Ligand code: MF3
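What follows is a single chain, given as structure tokens, in the form predicted alone.
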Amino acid sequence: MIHIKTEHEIELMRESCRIVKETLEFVGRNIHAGMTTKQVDELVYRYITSCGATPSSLGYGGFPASSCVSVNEVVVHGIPSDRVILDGDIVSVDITAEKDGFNGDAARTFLIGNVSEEKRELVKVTEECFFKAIEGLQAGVPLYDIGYAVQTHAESHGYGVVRALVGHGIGRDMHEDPSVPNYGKKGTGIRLKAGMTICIEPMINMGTYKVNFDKRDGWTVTTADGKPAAHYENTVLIKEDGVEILTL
């Protein structure tokens, strides 16, 4: 069931999304080579809770941390650990915060130190995919136009578009209907409605689109060929005449 948000609910979501945005900015100012992914997660927990919010990921389906911290070949859902972040790594940090019953969700991929031009380009194109996806987006547009825009831009650069994981609706729950794939046929899918809040999150691989799910921890998703991946996500409000990016 797709939930159309009231003006009051949207105001509550703006606050949770503001906290997510500021948390990612805080991480961006403090993440550096030599720290562990667990220390990154500690930054996330400290900032979110200081705002009177709750990290939605902590305990979600048994997930043991406040954020997903995914390095290089880890696409998403990296469990914070003692893995040390190295100079030249790219690190995606994906967080969700809940306040007053509503969630905000966003992810950024950070460049650590002397990152290769190849990785920099991947991160740049992944962010561009998001902004391509929201061009002309408004009520009445078919859902899969989003994925078509992401796929077209990513594949024009020779990258793989992850199919096994998708974006999603968001509101009172971290994951709501509809699913928002990063691939698709233009002109198909349900028509978007004003008041819908969705997470658009390109997950783009330098090589193959195929991924592996770690059966040991039940969470970590890696590229099938071991090449790097990047992730960029925002919570987006659909309006009659466009969109509002709630986490920017």
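Because the structure is predicted, anything quoted here is derived from the model rather than measured. From 1 onward, residues are counted along the sequence shown.
FYI, the form predicted together with this ligand isn't displayed, but the following is about it.
Considering this ligand in the predicted complex, the lone stretch of 35 to 43, 60 to 68, 182 to 190, 209 to 217 in range is 60 to 68 [heavy atom distance within 4.5 Å]. Of the residues given (Lys132, Arg108, Lys99, His175), His175 alone sits with a heavy atom within 4.5 Å of this ligand in the predicted complex.
In the predicted complex, this ligand sits within 4.5 Å of a heavy atom belonging to His168. Of the heavy atoms in His77, some are within 4.5 Å of this ligand in the predicted complex. Taking this ligand as it sits in the predicted complex, the stretch 178 to 204 comes within 4.5 angstroms of it through a non-hydrogen atom at just one residue, Glu201.
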